[in-house]
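Next up: just one chain, as structure tokens, the form predicted on its own.
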Amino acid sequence: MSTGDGLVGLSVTDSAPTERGDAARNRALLLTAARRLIDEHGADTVTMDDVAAAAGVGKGTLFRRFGSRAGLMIVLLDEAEKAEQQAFMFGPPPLGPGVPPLERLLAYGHERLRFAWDHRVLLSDANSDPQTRFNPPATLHRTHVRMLLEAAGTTGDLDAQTDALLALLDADYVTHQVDDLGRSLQQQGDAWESLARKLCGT
């Protein structure tokens, strides 16, 4: 699928399978309970036991639905992730198509940094499981950054450069920078932009 500026191959991820009947209702019930608990108590304090109890189901049912706490976190992040994906693939510039690839890359870095901070607890939980860390949304983000680097004329190992840029946007890393080192999101964004510009030869 085209992103509107000649970059081809991306499509918005959809990690939730189509469901119907009781299965769909139970899934909605569990997600509603999880969101309510997170809003009331914070994502870092909510356990699978809490979610199951709030939804009125057994913990085994919850694990069968989502596999793990990380799996539940990924589903909760799904709506926000899809909105961000729509923005950087099809939305207005500079995040979306219509400007040079370097401008889009810089806009992406600042936006993803904010997203990582706003959703840091859920992202950290989702990334804690090796089976879910490299999920379809993560793969989509990696593909997007690599394509923009290539379109900007970046030379060298694009895979390594992509991984280096994305490492600076990892939720745990961003949280460490803010909480432990006192580096603001603006400072981190400036550092990310500096690296991106150097990789693109500007």
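All of these numbers come straight from a predicted model, not from anything done at the bench. Don't overthink the numbering: it's just position in the shown sequence, from 1.
Another form exists, predicted in complex with another copy of the chain; not displayed. Remarks below refer to it.
Annotated contacts: Glu79, Leu102 and Phe115 are all free of another copy of the chain in the model of the complex [non-hydrogen atom within 4.5 angstroms]. Put simply, Ser184 is far from another copy of the chain in the model of the complex: not one heavy atom of it is within 4.5 Å. Among heavy atoms of Gln131, some come within 4.5 Å of another copy of the chain in the model of the complex. Within this chain, Ala167 lines the site of another copy of the chain in the model of the complex, having a heavy atom no more than 4.5 Å away. Taking non-hydrogen atoms only, Val178 never approaches another copy of the chain to within 4.5 angstroms in the model of the complex. A heavy atom within 4.5 Å of another copy of the chain in the model of the complex is found for one listed residue only; from Thr32, Thr155, Thr61, Thr45, this is Thr155. The stretch among 24-32, 46-54, 167-175, 63-71 whose residues place heavy atoms within 4.5 Å of another copy of the chain in the model of the complex is 167-175.
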